[in-house]
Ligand SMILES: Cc1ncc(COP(=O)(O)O)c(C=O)c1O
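Next up: a single chain in C-alpha coordinates, the form predicted alone.
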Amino acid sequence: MNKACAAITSFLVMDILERAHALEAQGRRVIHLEIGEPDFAPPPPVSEAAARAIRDGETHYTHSLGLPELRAAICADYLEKYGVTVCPDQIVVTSGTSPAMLLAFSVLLGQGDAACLTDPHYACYPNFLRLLGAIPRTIPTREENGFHFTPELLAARLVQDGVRASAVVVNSPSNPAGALMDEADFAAVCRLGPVVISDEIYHGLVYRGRARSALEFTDNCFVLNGFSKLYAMTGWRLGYVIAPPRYVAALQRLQQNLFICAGSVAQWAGLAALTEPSVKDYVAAMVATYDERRTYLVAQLRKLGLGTRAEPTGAFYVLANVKHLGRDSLSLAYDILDKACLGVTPGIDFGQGAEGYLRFSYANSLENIEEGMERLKKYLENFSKE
(Lines give C-alpha, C1' and ligand atoms only; values in the text may rest on other atoms or scores of the structure.)
Protein backbone atom coordinates (compact mmCIF):
# COMPACT_ATOMS: atom_id res chain seq x y z
CA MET A 1 0.00 0.00 0.00
CA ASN A 2 1.08 3.56 -0.66
CA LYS A 3 2.66 4.84 2.58
CA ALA A 4 0.78 8.12 2.39
CA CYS A 5 -2.53 6.26 2.15
CA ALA A 6 -1.56 4.01 5.06
CA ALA A 7 -1.03 7.13 7.20
CA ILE A 8 -4.59 8.37 6.67
CA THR A 9 -6.61 8.12 9.87
CA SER A 10 -10.29 7.34 10.21
CA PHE A 11 -12.85 10.13 10.19
CA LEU A 12 -14.13 9.20 13.66
CA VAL A 13 -17.49 10.92 13.34
CA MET A 14 -18.26 8.53 10.49
CA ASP A 15 -17.27 5.57 12.68
CA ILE A 16 -19.67 6.83 15.34
CA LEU A 17 -22.40 7.33 12.74
CA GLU A 18 -21.94 3.81 11.38
CA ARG A 19 -22.13 2.38 14.91
CA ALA A 20 -25.34 4.39 15.38
CA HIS A 21 -26.76 2.92 12.20
CA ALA A 22 -25.96 -0.57 13.49
CA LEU A 23 -27.90 0.17 16.67
CA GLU A 24 -30.82 1.46 14.60
CA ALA A 25 -30.77 -1.77 12.60
CA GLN A 26 -31.31 -3.55 15.93
CA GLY A 27 -34.45 -1.47 16.46
CA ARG A 28 -33.02 1.17 18.81
CA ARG A 29 -33.83 4.85 18.26
CA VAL A 30 -30.72 7.02 18.11
CA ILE A 31 -30.70 10.81 18.46
CA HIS A 32 -28.10 12.11 16.01
CA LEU A 33 -26.12 15.08 17.31
CA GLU A 34 -22.85 13.83 15.84
CA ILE A 35 -23.09 14.58 12.14
CA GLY A 36 -22.74 18.05 10.63
CA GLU A 37 -25.46 17.80 8.01
CA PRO A 38 -28.46 20.13 7.70
CA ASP A 39 -31.77 18.43 8.39
CA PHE A 40 -33.56 20.79 5.99
CA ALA A 41 -34.46 20.16 2.35
CA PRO A 42 -32.79 22.46 -0.18
CA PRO A 43 -34.73 25.62 -1.07
CA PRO A 44 -37.50 24.70 -3.56
CA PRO A 45 -36.02 26.79 -6.43
CA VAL A 46 -32.86 24.69 -6.17
CA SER A 47 -34.71 21.42 -6.73
CA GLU A 48 -36.83 23.01 -9.44
CA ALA A 49 -33.71 24.21 -11.26
CA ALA A 50 -32.22 20.71 -11.11
CA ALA A 51 -35.38 19.15 -12.53
CA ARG A 52 -35.46 21.78 -15.27
CA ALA A 53 -31.82 21.11 -16.14
CA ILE A 54 -32.57 17.41 -16.54
CA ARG A 55 -35.63 18.12 -18.69
CA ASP A 56 -33.64 20.52 -20.85
CA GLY A 57 -30.82 18.03 -21.39
CA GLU A 58 -28.23 19.99 -19.38
CA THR A 59 -26.62 16.72 -18.36
CA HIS A 60 -23.28 16.79 -20.16
CA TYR A 61 -19.79 17.96 -19.30
CA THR A 62 -19.45 21.66 -18.58
CA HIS A 63 -16.41 23.89 -18.87
CA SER A 64 -13.74 22.48 -16.53
CA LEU A 65 -13.79 25.68 -14.47
CA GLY A 66 -17.56 25.49 -14.14
CA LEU A 67 -20.58 27.07 -15.81
CA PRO A 68 -19.78 30.69 -16.70
CA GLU A 69 -23.16 31.75 -15.31
CA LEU A 70 -22.44 30.09 -11.97
CA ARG A 71 -18.95 31.58 -11.67
CA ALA A 72 -20.38 35.02 -12.42
CA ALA A 73 -23.03 34.50 -9.73
CA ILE A 74 -20.35 33.53 -7.19
CA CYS A 75 -18.50 36.76 -8.01
CA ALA A 76 -21.69 38.75 -7.50
CA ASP A 77 -22.32 36.99 -4.20
CA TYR A 78 -18.86 37.86 -2.84
CA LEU A 79 -19.22 41.45 -4.01
CA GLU A 80 -22.59 41.79 -2.25
CA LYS A 81 -21.54 40.11 0.99
CA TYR A 82 -17.95 41.28 1.39
CA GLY A 83 -17.43 44.15 -1.03
CA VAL A 84 -14.62 42.29 -2.83
CA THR A 85 -14.18 42.03 -6.58
CA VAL A 86 -13.46 38.57 -7.94
CA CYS A 87 -13.03 37.65 -11.59
CA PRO A 88 -14.93 34.58 -12.84
CA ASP A 89 -11.65 33.24 -14.21
CA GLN A 90 -10.35 32.99 -10.63
CA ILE A 91 -12.98 30.39 -9.75
CA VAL A 92 -12.93 26.62 -10.16
CA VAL A 93 -16.28 24.98 -9.45
CA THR A 94 -15.80 21.54 -7.89
CA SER A 95 -17.75 18.44 -6.87
CA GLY A 96 -17.99 19.60 -3.26
CA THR A 97 -15.70 21.69 -1.10
CA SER A 98 -13.43 18.73 -0.30
CA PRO A 99 -12.22 18.51 -3.93
CA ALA A 100 -11.70 22.29 -3.83
CA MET A 101 -9.52 21.75 -0.78
CA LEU A 102 -7.59 18.96 -2.51
CA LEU A 103 -6.94 21.15 -5.56
CA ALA A 104 -5.80 24.12 -3.46
CA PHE A 105 -3.52 22.03 -1.25
CA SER A 106 -2.09 20.26 -4.29
CA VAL A 107 -0.98 23.38 -6.15
CA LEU A 108 0.50 24.95 -3.02
CA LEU A 109 2.09 22.11 -1.07
CA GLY A 110 4.33 19.19 -1.84
CA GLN A 111 6.79 16.86 -0.16
CA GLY A 112 8.17 18.45 3.01
CA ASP A 113 6.19 21.69 2.75
CA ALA A 114 4.39 22.77 5.93
CA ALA A 115 0.92 24.20 6.48
CA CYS A 116 -0.13 25.68 9.83
CA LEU A 117 -3.39 24.40 11.33
CA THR A 118 -5.16 25.32 14.52
CA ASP A 119 -5.38 22.52 17.06
CA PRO A 120 -8.27 21.64 17.14
CA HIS A 121 -9.17 21.74 13.43
CA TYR A 122 -11.48 20.12 10.88
CA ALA A 123 -10.56 16.46 10.98
CA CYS A 124 -9.72 16.02 7.29
CA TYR A 125 -7.17 18.85 6.92
CA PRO A 126 -4.12 16.88 8.12
CA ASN A 127 -5.05 13.80 6.10
CA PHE A 128 -5.22 15.80 2.87
CA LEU A 129 -1.80 17.23 3.66
CA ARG A 130 -0.25 13.86 4.52
CA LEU A 131 -1.54 12.42 1.26
CA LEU A 132 0.51 15.07 -0.56
CA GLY A 133 3.61 14.45 1.55
CA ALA A 134 3.16 17.85 3.22
CA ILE A 135 3.52 18.50 6.94
CA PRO A 136 0.48 19.50 9.03
CA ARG A 137 1.95 21.87 11.62
CA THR A 138 -0.70 21.86 14.33
CA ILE A 139 -0.56 24.77 16.75
CA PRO A 140 -2.37 24.55 20.10
CA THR A 141 -4.99 27.28 20.51
CA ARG A 142 -7.02 28.47 23.49
CA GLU A 143 -10.64 27.70 24.30
CA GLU A 144 -11.33 31.25 25.46
CA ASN A 145 -10.26 32.48 22.00
CA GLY A 146 -12.61 30.10 20.23
CA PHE A 147 -9.66 27.86 19.31
CA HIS A 148 -8.57 30.35 16.64
CA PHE A 149 -5.11 31.64 15.80
CA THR A 150 -3.86 34.86 17.27
CA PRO A 151 -1.22 36.58 15.12
CA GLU A 152 1.33 36.32 17.96
CA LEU A 153 0.76 32.62 18.41
CA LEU A 154 0.99 31.94 14.70
CA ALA A 155 4.03 34.16 14.07
CA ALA A 156 5.98 32.23 16.71
CA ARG A 157 5.42 28.96 14.84
CA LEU A 158 5.77 29.97 11.19
CA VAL A 159 9.34 28.64 11.21
CA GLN A 160 10.01 25.30 12.84
CA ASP A 161 12.97 22.95 12.43
CA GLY A 162 14.26 25.34 9.78
CA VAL A 163 11.12 25.00 7.63
CA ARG A 164 8.98 28.07 7.04
CA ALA A 165 5.29 27.33 6.59
CA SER A 166 4.07 27.74 3.02
CA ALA A 167 0.42 28.14 3.97
CA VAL A 168 -1.92 28.88 6.87
CA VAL A 169 -5.38 27.33 7.05
CA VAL A 170 -8.14 29.32 8.75
CA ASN A 171 -11.76 28.32 9.25
CA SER A 172 -14.23 30.92 10.51
CA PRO A 173 -16.92 30.09 11.57
CA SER A 174 -15.09 26.96 12.62
CA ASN A 175 -15.63 23.27 12.82
CA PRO A 176 -15.59 21.95 15.56
CA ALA A 177 -15.97 24.98 17.86
CA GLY A 178 -18.52 27.08 15.91
CA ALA A 179 -16.59 30.25 16.74
CA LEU A 180 -15.85 33.34 14.67
CA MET A 181 -12.28 34.57 14.38
CA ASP A 182 -11.63 38.03 15.80
CA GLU A 183 -11.57 40.49 12.87
CA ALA A 184 -8.35 42.21 13.92
CA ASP A 185 -6.63 38.84 14.40
CA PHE A 186 -7.87 37.64 11.01
CA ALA A 187 -6.49 40.73 9.29
CA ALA A 188 -3.15 40.40 11.09
CA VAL A 189 -2.84 36.70 10.24
CA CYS A 190 -3.39 37.54 6.58
CA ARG A 191 -0.45 39.97 6.73
CA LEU A 192 2.09 37.46 8.08
CA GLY A 193 3.25 36.31 4.65
CA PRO A 194 2.29 32.68 3.95
CA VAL A 195 -0.60 31.99 1.57
CA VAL A 196 -3.88 31.89 3.50
CA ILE A 197 -6.31 29.07 2.76
CA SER A 198 -9.66 30.26 4.11
CA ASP A 199 -12.34 27.61 4.55
CA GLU A 200 -15.56 29.64 4.39
CA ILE A 201 -18.05 26.78 4.08
CA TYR A 202 -20.02 27.93 7.15
CA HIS A 203 -20.39 31.53 6.00
CA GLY A 204 -24.00 32.60 6.22
CA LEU A 205 -24.57 30.43 9.29
CA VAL A 206 -23.71 33.22 11.73
CA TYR A 207 -25.89 34.27 14.67
CA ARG A 208 -23.81 36.96 16.39
CA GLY A 209 -21.22 39.14 14.72
CA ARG A 210 -20.19 38.95 11.07
CA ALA A 211 -18.10 36.45 9.13
CA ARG A 212 -15.22 38.02 7.24
CA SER A 213 -13.69 36.64 4.05
CA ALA A 214 -9.91 36.42 3.72
CA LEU A 215 -10.38 38.30 0.44
CA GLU A 216 -11.22 41.41 2.48
CA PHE A 217 -7.71 41.39 3.91
CA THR A 218 -5.43 39.92 1.24
CA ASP A 219 -5.24 38.81 -2.39
CA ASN A 220 -2.71 36.16 -1.39
CA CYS A 221 -5.35 33.63 -0.44
CA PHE A 222 -7.40 30.68 -1.57
CA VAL A 223 -11.05 30.72 -0.53
CA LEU A 224 -12.88 27.43 -0.17
CA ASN A 225 -16.66 27.48 -0.15
CA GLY A 226 -19.68 25.54 -1.33
CA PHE A 227 -23.40 24.94 -1.15
CA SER A 228 -23.67 22.02 1.30
CA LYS A 229 -24.20 23.88 4.55
CA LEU A 230 -25.95 27.18 3.82
CA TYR A 231 -28.25 25.76 1.16
CA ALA A 232 -28.69 22.25 2.66
CA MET A 233 -27.21 20.69 -0.48
CA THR A 234 -24.81 18.13 1.03
CA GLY A 235 -25.65 15.31 -1.38
CA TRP A 236 -25.43 17.58 -4.42
CA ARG A 237 -21.64 17.79 -4.00
CA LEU A 238 -21.04 21.34 -5.19
CA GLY A 239 -18.26 23.65 -4.06
CA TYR A 240 -15.64 25.99 -5.42
CA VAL A 241 -12.24 27.52 -4.87
CA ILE A 242 -11.39 31.19 -5.50
CA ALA A 243 -7.67 31.47 -6.22
CA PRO A 244 -5.05 34.08 -7.09
CA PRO A 245 -4.84 34.29 -10.92
CA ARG A 246 -1.31 32.87 -11.07
CA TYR A 247 -2.54 29.51 -9.75
CA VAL A 248 -5.65 29.04 -11.89
CA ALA A 249 -4.01 27.30 -14.85
CA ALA A 250 -2.51 24.67 -12.53
CA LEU A 251 -5.83 24.24 -10.73
CA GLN A 252 -7.60 23.80 -14.05
CA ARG A 253 -5.16 21.13 -15.20
CA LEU A 254 -5.69 19.21 -11.98
CA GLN A 255 -9.45 19.59 -12.26
CA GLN A 256 -9.42 18.28 -15.83
CA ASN A 257 -7.34 15.24 -14.89
CA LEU A 258 -8.91 14.37 -11.55
CA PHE A 259 -12.57 15.36 -11.94
CA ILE A 260 -13.13 16.73 -15.52
CA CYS A 261 -15.78 19.09 -14.14
CA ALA A 262 -18.39 19.36 -11.43
CA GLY A 263 -21.79 17.76 -12.07
CA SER A 264 -23.80 19.80 -14.54
CA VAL A 265 -27.20 19.40 -12.85
CA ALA A 266 -25.79 20.42 -9.47
CA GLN A 267 -24.23 23.50 -11.05
CA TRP A 268 -27.55 24.69 -12.47
CA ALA A 269 -29.09 24.09 -9.04
CA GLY A 270 -26.29 26.12 -7.44
CA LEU A 271 -26.97 28.97 -9.84
CA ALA A 272 -30.58 29.04 -8.64
CA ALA A 273 -29.40 29.06 -5.01
CA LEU A 274 -27.45 32.26 -5.66
CA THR A 275 -29.86 34.06 -7.97
CA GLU A 276 -33.48 33.12 -7.18
CA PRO A 277 -34.87 35.86 -4.87
CA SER A 278 -37.02 33.55 -2.73
CA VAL A 279 -33.97 31.52 -1.67
CA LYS A 280 -32.80 34.32 0.64
CA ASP A 281 -36.02 34.17 2.66
CA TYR A 282 -35.82 30.38 2.86
CA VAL A 283 -32.23 30.54 4.09
CA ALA A 284 -33.03 33.28 6.58
CA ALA A 285 -35.72 31.06 8.10
CA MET A 286 -33.25 28.17 8.35
CA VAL A 287 -30.68 30.38 10.08
CA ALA A 288 -33.28 31.62 12.56
CA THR A 289 -34.19 28.02 13.36
CA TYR A 290 -30.54 27.10 13.88
CA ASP A 291 -30.15 30.05 16.23
CA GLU A 292 -33.10 28.90 18.33
CA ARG A 293 -31.56 25.43 18.58
CA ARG A 294 -28.13 26.88 19.37
CA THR A 295 -29.45 28.98 22.23
CA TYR A 296 -31.26 26.02 23.73
CA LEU A 297 -28.39 23.54 23.34
CA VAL A 298 -25.73 25.85 24.80
CA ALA A 299 -27.93 26.58 27.83
CA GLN A 300 -28.73 22.91 28.45
CA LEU A 301 -25.12 21.77 28.13
CA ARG A 302 -24.06 24.43 30.63
CA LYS A 303 -26.76 23.26 33.04
CA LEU A 304 -25.26 19.78 32.77
CA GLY A 305 -21.79 21.13 33.49
CA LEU A 306 -20.58 20.73 29.90
CA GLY A 307 -19.82 24.35 29.15
CA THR A 308 -17.53 26.24 26.81
CA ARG A 309 -15.65 29.46 27.51
CA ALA A 310 -16.30 30.88 24.05
CA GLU A 311 -19.96 30.80 23.03
CA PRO A 312 -20.37 29.33 19.54
CA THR A 313 -21.86 31.97 17.26
CA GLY A 314 -21.59 30.29 13.85
CA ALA A 315 -21.86 26.96 11.97
CA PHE A 316 -24.02 24.45 13.89
CA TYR A 317 -21.68 22.99 16.51
CA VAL A 318 -20.91 23.25 20.21
CA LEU A 319 -17.58 21.91 21.45
CA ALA A 320 -18.25 21.13 25.10
CA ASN A 321 -15.65 20.54 27.79
CA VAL A 322 -16.00 17.11 29.46
CA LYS A 323 -12.55 16.81 31.01
CA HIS A 324 -14.02 16.56 34.50
CA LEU A 325 -15.56 13.20 33.55
CA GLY A 326 -12.10 11.67 33.39
CA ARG A 327 -12.63 9.60 30.25
CA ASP A 328 -10.98 9.89 26.87
CA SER A 329 -13.39 11.44 24.38
CA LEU A 330 -13.58 8.46 22.01
CA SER A 331 -14.52 5.88 24.62
CA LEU A 332 -16.90 8.40 26.19
CA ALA A 333 -18.66 9.05 22.86
CA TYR A 334 -19.11 5.32 22.28
CA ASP A 335 -20.36 4.82 25.84
CA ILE A 336 -22.92 7.60 25.45
CA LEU A 337 -24.04 6.10 22.16
CA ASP A 338 -24.36 2.56 23.52
CA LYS A 339 -26.04 3.47 26.82
CA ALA A 340 -28.07 6.57 25.89
CA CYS A 341 -28.52 6.07 22.14
CA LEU A 342 -27.19 9.60 21.65
CA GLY A 343 -24.67 10.23 18.89
CA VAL A 344 -21.95 12.81 19.66
CA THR A 345 -18.50 13.33 18.16
CA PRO A 346 -15.32 12.71 20.18
CA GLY A 347 -13.09 15.75 20.40
CA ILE A 348 -9.99 13.73 19.51
CA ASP A 349 -11.34 13.57 15.94
CA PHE A 350 -10.28 17.22 15.61
CA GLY A 351 -6.79 16.93 17.06
CA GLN A 352 -5.13 16.51 20.41
CA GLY A 353 -6.23 20.01 21.38
CA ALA A 354 -9.85 18.83 21.51
CA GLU A 355 -9.21 15.76 23.63
CA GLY A 356 -11.44 16.05 26.66
CA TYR A 357 -14.24 17.65 24.61
CA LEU A 358 -17.32 16.39 22.79
CA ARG A 359 -18.85 18.08 19.76
CA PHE A 360 -22.62 18.42 19.61
CA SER A 361 -24.34 19.35 16.34
CA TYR A 362 -27.63 21.23 16.36
CA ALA A 363 -28.39 20.33 12.75
CA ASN A 364 -31.37 18.39 14.06
CA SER A 365 -34.86 19.33 15.19
CA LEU A 366 -35.38 21.10 18.49
CA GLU A 367 -37.57 18.20 19.61
CA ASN A 368 -34.75 15.73 19.00
CA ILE A 369 -32.21 18.00 20.69
CA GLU A 370 -34.50 18.25 23.73
CA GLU A 371 -34.79 14.46 23.89
CA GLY A 372 -31.04 14.14 23.40
CA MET A 373 -30.41 16.42 26.39
CA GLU A 374 -32.79 14.38 28.53
CA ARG A 375 -30.91 11.23 27.59
CA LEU A 376 -27.59 12.90 28.32
CA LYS A 377 -28.84 14.10 31.71
CA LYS A 378 -29.83 10.54 32.69
CA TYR A 379 -26.53 9.21 31.37
CA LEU A 380 -24.56 11.69 33.48
CA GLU A 381 -26.64 10.89 36.58
CA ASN A 382 -25.79 7.21 36.19
CA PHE A 383 -22.18 8.05 35.27
CA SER A 384 -21.68 9.82 38.59
CA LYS A 385 -22.85 6.67 40.44
CA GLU A 386 -20.44 4.30 38.67
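Residues carry their position along the shown sequence, with the first being 1. What you see is a predicted model, and the numbers here were worked out from it, not measured in a lab.
Another form, the form predicted together with the named molecule, is not on view; read the next lines as being about it.
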With the named molecule left out of view, choose which of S98, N127, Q160, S106 has a non-hydrogen atom within 4.5 angstroms of it in the model of the complex. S98
The named molecule isn't shown here, but in the model of the complex which of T118, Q255, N175, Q267 has a heavy atom within 4.5 Å of it? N175
Contact check in the model of the complex: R71, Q90 and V248 versus the named molecule, with a cutoff of 4.5 Å between any heavy atoms. Do all three pass? no
Which of 297-305, 193-201, 134-142, 110-118 has heavy atoms within 4.5 Å of the named molecule in the model of the complex? 193-201
Just checking whether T313 would be counted as a contact of the named molecule in the model of the complex - the rule being heavy atoms within 4.5 angstroms. no
Residue-level question: is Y122 within 4.5 Å of the named molecule in the model of the complex, judged on heavy atoms? yes
Given that the named molecule is not shown alongside this chain, does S228 nevertheless sit within 4.5 Å of it in the model of the complex, heavy atom to heavy atom? yes
Non-hydrogen atom contact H148 with the named molecule in the model of the complex at 4.5 angstroms: no
